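As a starting point, one isolated chain is supplied in structure tokens, in the form predicted alone.
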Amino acid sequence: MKTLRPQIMAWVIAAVLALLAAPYLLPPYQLRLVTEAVIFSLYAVSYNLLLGYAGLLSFGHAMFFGVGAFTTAVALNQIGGLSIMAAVGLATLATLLVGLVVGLLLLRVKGTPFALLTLAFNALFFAIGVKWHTVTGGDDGLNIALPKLNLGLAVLDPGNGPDIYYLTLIILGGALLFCWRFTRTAMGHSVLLLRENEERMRFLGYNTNITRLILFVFTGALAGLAGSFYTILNSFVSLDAVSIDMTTKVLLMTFLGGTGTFLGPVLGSFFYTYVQDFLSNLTDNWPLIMGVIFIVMVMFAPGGLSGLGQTLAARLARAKTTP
């Protein structure tokens, strides 16, 4: 595995350089797709920390994404003079608080009951979005007028493709780096131990309930941050942001990319975004085709795209060393 790390780092550096150059290489629509894929990358990585690292299957991750998305829209519409970054901060804080309250209620159970309760809470937040029409807009959603962001040396216009792209790439890219660093900390290692052997963790003196709660709140806040930028990108938010379809989407991204690695969900997010766009332009039955792709990947490539990449790289390395 150590022999593959330089190759992996080379690919990562190449990908970062390509992302930085994207506004100069891509037409506006393609740049928008890349921006959306970056947003979904953070969403999928946050879910993978919950599922792939801690082994907690959730069917309600969209409630955090939706809370972040709607809080951003409501804050910008209701609070005059509020900057975009202040709205993002409020949305992330609101999602963190929601994660804390929901986590205190949910994390008393594990396994199937936990998964079903997350689904129930997601349905609750969706119902709130439908019924609280005066705030959320209900089925009509909310349009928002995005103020320009004054950075002192420059003014960013969220309606301008390259501006919102670089803002998204810098903020969410930084969040992704923070997530990667988190997996290397003692807390990150304890999360892995929680998945592998919770009883042993307790024997060693760890409070597994606190560890699980911290992770749940942390991943919820990350999903809320992604939802906030999703609203900014579209200048609009609807109930789709908190629907079960949004949870299904993050499940597909995570499994397609591979839950066994950190970068797997990032690959899955880009793959899903581009394949969905391609298929939706061909046929209205694109969800059926995506479902078939998902089934094939689960059956024949359980490691996802990242697993396939590692297998291919290992074979190439062996071929080079074999006389």
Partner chain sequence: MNDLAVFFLHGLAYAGLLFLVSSGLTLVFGMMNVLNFAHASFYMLGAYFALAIAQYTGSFWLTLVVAPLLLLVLGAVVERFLLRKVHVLGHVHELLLTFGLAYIIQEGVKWIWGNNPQAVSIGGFLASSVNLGGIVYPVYRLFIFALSAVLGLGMALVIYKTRIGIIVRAAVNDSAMVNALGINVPYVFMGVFAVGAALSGLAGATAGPLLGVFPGMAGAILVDAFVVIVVGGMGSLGGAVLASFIIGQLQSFGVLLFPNFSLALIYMLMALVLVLKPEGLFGEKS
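Keep in mind it's a predicted model, so treat the numbers as computed, not measured. Positions refer to the first chain, counted from 1. Rigid core (definition): largest C-alpha set, two forms, superposition within 1.5 Å.
This next part talks about the form predicted together with the partner chain, which is not shown.
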Are all three of L17, V155 and L177 close to the partner chain in the predicted bound form, meaning a heavy atom of each within 4.5 Å?
-> no
Of V135, I171, L100, I244, the one that lies within 4.5 Å of the partner chain in the predicted bound form (heavy atoms) | I244
Ok, I164, V88, L251, V217: which has a heavy atom sitting within 4.5 Å of the partner chain in the predicted bound form?
-> L251
Spot the stretch among 262-270, 281-289, 63-71, 25-33 with residues whose non-hydrogen atoms come within 4.5 Å of the partner chain in the predicted bound form.
-> 281-289
Wondering, does L151 line up within 4.5 Å of the partner chain in the predicted bound form on heavy atoms?
-> no
Is there a heavy atom of T112 no more than 4.5 Å from a heavy atom of the partner chain in the predicted bound form?
-> yes
Going by a heavy atom distance of 4.5 Å, is M299 a contact of the partner chain in the predicted bound form?
-> yes
Using a 4.5 Å heavy atom cut-off, state whether F294 contacts the partner chain in the predicted bound form.
-> yes
Core-aligned CA displacement of L19 at least 2 Å between this form and the one not shown | no
Rigid core superposed: M297 CA moves 2 Å or more between this form and the one not shown | yes
